[in-house]
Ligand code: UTP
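Presented below, as structure tokens, is a lone chain in the form predicted on its own.
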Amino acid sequence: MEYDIEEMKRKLKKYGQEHLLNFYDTLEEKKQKRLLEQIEGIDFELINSLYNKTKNENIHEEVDVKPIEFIDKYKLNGDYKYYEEIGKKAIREGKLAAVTMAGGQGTRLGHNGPKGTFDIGLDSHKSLFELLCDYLKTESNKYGVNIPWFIMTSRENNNDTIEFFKKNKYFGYEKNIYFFIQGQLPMVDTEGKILIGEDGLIKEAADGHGGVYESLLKSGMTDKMKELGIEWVFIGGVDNCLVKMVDPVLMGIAIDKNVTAAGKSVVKDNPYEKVGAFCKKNGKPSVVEYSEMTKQMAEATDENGELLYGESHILCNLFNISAIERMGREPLPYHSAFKKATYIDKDGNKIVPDSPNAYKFEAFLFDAFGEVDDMAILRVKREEEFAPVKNASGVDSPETARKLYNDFYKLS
């Protein structure tokens, strides 16, 4: 594609972003082309709007937040088998696909590479990717179908992720694995100027797990799913080594109750655990962040002494494909995060900050829940389904995940 540089310069001047072409002439041809592609793809009105919101982030709309109903998986009694059989039938008919969001790097874990390639220290030394793949292969064999696995990468780790799978012969699951890349947005400094990275290109950051719907749609993966006869899609993160992507009870409840979305929860450890909790906002399913909770909300209990806002959102959700398509067409609100970002200044100097200096913008998966009228919430046991690897040590670390994994599979 040919680009009109002069027209592009006029556009950049309009938005005060002329510096983006400062080093264009010094770039090799391939990078020049990529930079022009990046500029062409930027929605400058959106970026301006997001930057302006960072200056008014303390202004919040009035929202009516209420507790949400849930079903405890282990108090279903006779209904357990009923829902399980409905789900099993749909799985055997090949109606389920799994999506793993794996766009992150393992930097916080001291790992150089995609987070999914991280070894949590099991005796087998299997990576997170291999653990998830083993699980999917076992479930596929159990139900006599091949459950397709869609893996969302980022521009930053896509090539390394695919190379890792090639090197490991796709763990014997090659024909059922599909890769797609999540969207990105430019990072901006405290003056609203878009940053230039060390490579001379625009510094971008992944648009958050909320970008999964749009990315599935734009990459053609929803079309591929429909081609395969998929009706239900489980979406989870790569860093939970106990994630149960194939759950006939969850599927059965969603099908029986005729809802297009369902989520799994675990009971909060304590009223102040730093997790989002399922709720209803203005009558629609949603998640209230721990930072949004008042002390009164956090400690509120029902007649049984259980927390009213105690159902932690653990990023384990099931959607009908029609809901994903609807969510992917509707733009989600973006949230800003203030981060440290190395960049090249207007004079060509590399700046390595020692404190946050730039905003990244990301959408949250649960902000789309309001697009559905109702959502089934299934409470599960933490020790059976939630072993995240987020920190190098302490809570949600390789050590805690390893113990949970070994205990669950009776490996220790």
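From 1 onward, residues are counted along the sequence shown. Keep in mind that this is a model prediction, so the values were computed, not measured.
Omitted from view is the form predicted together with ligand UTP, to which the following refers.
At a distance threshold of 4.5 angstroms between non-hydrogen atoms, Gly103 is in contact with ligand UTP in the model of the complex. In the model of the complex, ligand UTP sits within 4.5 Å of a heavy atom belonging to Gln182. Mapping the unseen interface onto this chain, Arg108 counts among the residues with a heavy atom inside 4.5 Å of ligand UTP in the model of the complex. For Leu315, a non-hydrogen atom is located within 4.5 Å of ligand UTP in the model of the complex, even though that partner is not displayed. This chain is displayed without ligand UTP, yet in the model of the complex the stretch 95 to 103 from 119 to 127, 296 to 304, 95 to 103, 189 to 197 comes within 4.5 Å of it by heavy atoms. When you look in the model of the complex, the only residue of Glu214, Asp247, Glu204, Asp239 with a non-hydrogen atom within 4.5 Å of ligand UTP is Asp239. Of the residues given (Glu362, Glu384, Asp374, Asp367), Glu362 alone sits with a heavy atom within 4.5 Å of ligand UTP in the model of the complex.
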